[in-house]
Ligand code: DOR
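As structure tokens, one chain now follows by itself in the form predicted alone.
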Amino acid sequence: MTTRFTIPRPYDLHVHWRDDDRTALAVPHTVAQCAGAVVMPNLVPPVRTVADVDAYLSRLSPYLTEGFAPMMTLYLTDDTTVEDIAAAAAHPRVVGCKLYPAGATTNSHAGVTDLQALRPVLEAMAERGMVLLAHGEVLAGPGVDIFEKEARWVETQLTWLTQTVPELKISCEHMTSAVMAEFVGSAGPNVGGSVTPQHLLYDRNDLLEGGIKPHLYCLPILKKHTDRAALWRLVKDQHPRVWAGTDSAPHTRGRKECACGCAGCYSAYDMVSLYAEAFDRELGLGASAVQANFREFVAVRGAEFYGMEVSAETLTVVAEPQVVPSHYDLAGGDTVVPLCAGETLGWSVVSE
């Protein structure tokens, strides 16, 4: 049993940096542990074109360090064109396009209302090797329970996508349900998906039992314990196209702890230790075989799916307890409450 091991510096393959005083918190946290990150485009207004990408990168540049790779995405809309895709594919920092079904999550109201109408755009992405990063949910409403939104999307949209544009690389972002896990687990080499720390650590009982926990509320929402078990089966089986992506979202305390709290968990402060905690609780991270699986899940499989080189730089993970801060202060006076605030994690990352 070893309590210290090294991993390549990972990529966070799904992160929200926003575009305000929260950016100064979120970007340095990601940069401190990661070799790069896939950055979500759901700003207000969204990042729709390569011109928007360049403008956003310019605003991010004060917080980025040399050697860190920010990998950008375009926000798909009903008006996205094949020409937009061609320009994005030629951009050195754009790796794909983010699919938000309109109204399904935070800042998604400009998203796609008819995916099938975008077939020429999806085919253009496939031709150029771009990744479709899919928020896989339909809208809740009559006949669609919030806990079934992901499963319904798999049945009505993902099946159509994989049958109609089979060459398209699809990342099923922040997988949560047994239905999604089973689909990805049996899909072909062009389909994979990310899993967040919160969906490995918690289920909906943790969110709702004994009172609502606003800082565990995210979309897709936490599901049943059987759904979490299905995600863990993919991880335990070392599925080659299942990887870490935090979906870290720095919402302020005021917007979380209110009558209509927003969705998202902030985990960028220490993604490696959070995933290590999840692995330790479920599998026992002291075993060398589990550590090897952890290394591949956190730092290798996602990079390979995106065609990126695994980082030559390393981090050291140690069985050294740490207490998560209760909050992080923002320059504007508000605060961000992190995932696992005030709790003790059993693992830490150290510099050597």
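Sequential numbering from 1, following the sequence displayed. What you are looking at is a predicted structure, and each value in this text was computed from that prediction instead of being measured.
Missing here is the form predicted in complex with this ligand; even so, the following discussion is about that form.
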Segment assignment from 100 to 108, 78 to 86, 225 to 233, 144 to 152: heavy atom within 4.5 Å of this ligand in the predicted complex: 100 to 108
Single option in 215, 135, 241, 169 placed near this ligand in the predicted complex, where near means a heavy atom within 4.5 Å: 135
Proximity to this ligand in the predicted complex, single hit among 208, 263, 140, 187 (heavy atom within 4.5 Å): 263
Any non-hydrogen atom of residue 191 within 4.5 angstroms of this ligand in the predicted complex: no
Contact label in the predicted complex: residue 112 to this ligand, heavy atom within 4.5 Å: no
Distance check, residue 16 to this ligand in the predicted complex, heavy atom within 4.5 Å: yes
Close approach of residue 158 to this ligand in the predicted complex, 4.5 Å, heavy atom: no
Neighbours of this ligand in the predicted complex among 183 to 209 [non-hydrogen atom within 4.5 angstroms]: none
